[in-house]
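Here we start with a single chain on its own, the form predicted alone, put down as structure tokens.
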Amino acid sequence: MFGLFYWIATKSMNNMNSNIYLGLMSGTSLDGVDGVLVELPEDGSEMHLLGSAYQPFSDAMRAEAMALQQPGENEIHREALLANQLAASYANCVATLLQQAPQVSVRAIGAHGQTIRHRPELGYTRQSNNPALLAELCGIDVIADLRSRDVAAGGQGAPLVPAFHRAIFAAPNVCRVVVNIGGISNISVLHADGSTTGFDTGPGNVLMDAWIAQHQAKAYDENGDWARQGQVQVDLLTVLCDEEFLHLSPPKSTGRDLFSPTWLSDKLSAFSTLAAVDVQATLCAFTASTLADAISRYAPEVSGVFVCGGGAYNANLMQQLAQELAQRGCHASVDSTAALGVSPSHVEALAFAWLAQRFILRLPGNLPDVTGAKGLRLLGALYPA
């Protein structure tokens, strides 16, 4: 293993004139690391994807990351060990990317880390990571801790992707909505007048993944096929939608701290006789409904909705989202971001490569209208190679 890391360090020392960045993202789905190698011209012209990779988490890593979402015994020690494992996993992803373009020199890595707690209302957000170790293993500058400065400035620290979505997906005089459906869902509203808003809307895949894991020992509901076999239970859907967060005005963000298996168990307490497949169908409808509510309320003029993240591959969820929007009088097209030339699997990793570049160029990375921060802020911390 360490021979591989030595190969990375000797092959990829920083080039301070390079426009090539690495982006690494492991999100609330807790499935693994998405990585991209991308050229980002400083003049803002079209980016060029040079490579992509996916490094799955082991079952043990995923279980530990899941367990650390809630308070537990010896958690500081356990989180530190997880951070070391994450850095090794990130470095493996970096090695795979560099093998795809062995002649390039990388300016910096944007490494998000794995969110284990997100409590901006208490003044903190925590992404498990060991960026110093990652810099040591890879021999490349690492930009990490990309959320805490926004939180320090009174913001939510999330979502951070709307600024990137504006940069690559906006069209003149057209309102588009970019929807990221990972564990949690968020939207970026790219208004026709050039302004940008966005916020977390609620659960994405997190509850559906937890339910199918409990009942079928599967990591996710492929294509939404299991949910499609069930019947949406309107009474349960009403109870699920009776959650204070869903009715708050933005800026707002959330995570597994709220939408956890415990939350779901409490909501299901009066529905113990429901078939498991009907619960799955209702959870899918819950995600589609909350997204459609947010889009129809905050982007009524939208002409196109473009979905990224794992939810873009759930055909049942995509169909339900289009139907829910139509029921609210919003007849925008619903496609994945592939229709705009970017794979749904690459968008978030690209965003963190872009945020790393913003740090290097000493440019702000947040949007105060999105996060609620007091103003524009430089995001991240540098861990030199």
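Heads up: residue numbers just count along the shown sequence, starting at 1. What you see is a predicted model; the values in this text were computed from it and never measured.
Keep in mind that the form predicted in complex with a small molecule is missing from the display, and what follows is about it.
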query	finding
One stretch from 240 to 248, 168 to 176, 296 to 304, 204 to 212 that, in the predicted bound form, holds residues within 4.5 Å of the small molecule by heavy atom	204 to 212
Non-hydrogen atom within 4.5 Å of the small molecule in the predicted bound form for each of D31, D221 and Y313	yes
In the predicted bound form, the residue from G113, G309, P159, P120 that sits within 4.5 Å of the small molecule by heavy atoms	G309
Contacting member of I181, V151, V106, A87, with respect to the small molecule in the predicted bound form [4.5 Å, heavy atom]	I181
